[in-house]
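In structure tokens, the next block holds one chain alone, the form predicted on its own.
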Amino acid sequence: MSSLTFTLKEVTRQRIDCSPLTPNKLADKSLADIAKIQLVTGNLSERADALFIITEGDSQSIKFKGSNSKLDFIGHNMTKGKISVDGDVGAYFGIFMEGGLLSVKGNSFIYTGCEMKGGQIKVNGDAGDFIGGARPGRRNGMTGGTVIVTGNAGARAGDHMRRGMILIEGNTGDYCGSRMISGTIAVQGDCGRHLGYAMKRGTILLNQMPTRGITANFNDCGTHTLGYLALLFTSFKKLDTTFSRVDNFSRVRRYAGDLAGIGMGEILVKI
């Protein structure tokens, strides 16, 4: 059966809250019921069929077509199924996600994977700031799941991250891994300033030494052969990412920090 498809009718000037349009929330709903769902857009609400052309299909496999960066909260609290997006997406892509698969053939805006607990998100483009981070005023970022970014990532990737994995195939902005509590961030490209700022625990894997180097509040622990890295990269082979083809990452230079705090985090640079 084909996917349930939402095609944006026209470019909107207002942001649209797409949080009601997930497989778990649309399960067992008829096309008529879906059409009359109210979506918040700006300071108003509109029926779903006033904003989208809705094509009947399997509600456990949803597609958004003609999407742009004004579509927020796609995949909100998603627990199962699959959502794919043709175009860009807005803020909070996959917020509170617990299961299923989310993908976008374009760029995502801020807070991708915000406070997610499980499932997988793939951004086939660039991602904005605070991937896997916590909402403003909150202290717990993502606690599980996997986020894959094929392009570049913005600042504060993994801010307040507690568990899970963020795999960035391109470059990342400033403060990557800031205030990180646990989990794994892997970056194939370059990193911005203040890498690992205030991180408590967790691991940041780098394919190369950052252009700006490692800050003085990380202690150089020398070179090591870490057997668990071979197991970790073996687990990447089941994922659709260039990380699945990385070899010989077991030999690394290890930096421990942030020494301004408890200093139990680590930055591992491939050598």
Partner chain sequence: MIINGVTIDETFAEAFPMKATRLIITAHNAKWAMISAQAFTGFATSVIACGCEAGVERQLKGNETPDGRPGVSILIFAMGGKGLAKQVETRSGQCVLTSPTSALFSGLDSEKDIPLGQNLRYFGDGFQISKVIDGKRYWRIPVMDGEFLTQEKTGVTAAVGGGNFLVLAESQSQALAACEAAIEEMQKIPNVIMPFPGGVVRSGSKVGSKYKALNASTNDAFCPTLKGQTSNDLPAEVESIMEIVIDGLTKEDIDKAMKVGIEAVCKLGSKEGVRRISAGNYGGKLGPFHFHLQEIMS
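Nothing here was measured: the structure is a model prediction, and the numbers come from that model. Numbering follows the first chain given and starts at 1.
Not on display, but discussed next: the form predicted in complex with its partner chain.
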Classify residue 183 as contacting or not contacting its partner chain in the predicted bound form by the rule of any non-hydrogen atom within 4.5 angstroms, answering yes or no.
-> yes
Should residue 254 be counted as a contact of its partner chain in the predicted bound form, where contact means heavy atoms within 4.5 Å?
-> yes
May I ask you to check whether residue 32 falls inside a 4.5 Å heavy atom distance of its partner chain in the predicted bound form?
-> no
Contact label in the predicted bound form: residue 202 to its partner chain, heavy atom within 4.5 Å = yes
Do all of 163, 232 and 264 end up near its partner chain in the predicted bound form, with near meaning a heavy atom within 4.5 Å?
-> yes
Residue within 4.5 Å of its partner chain in the predicted bound form by heavy atom, from 226, 54, 37, 246, is 226
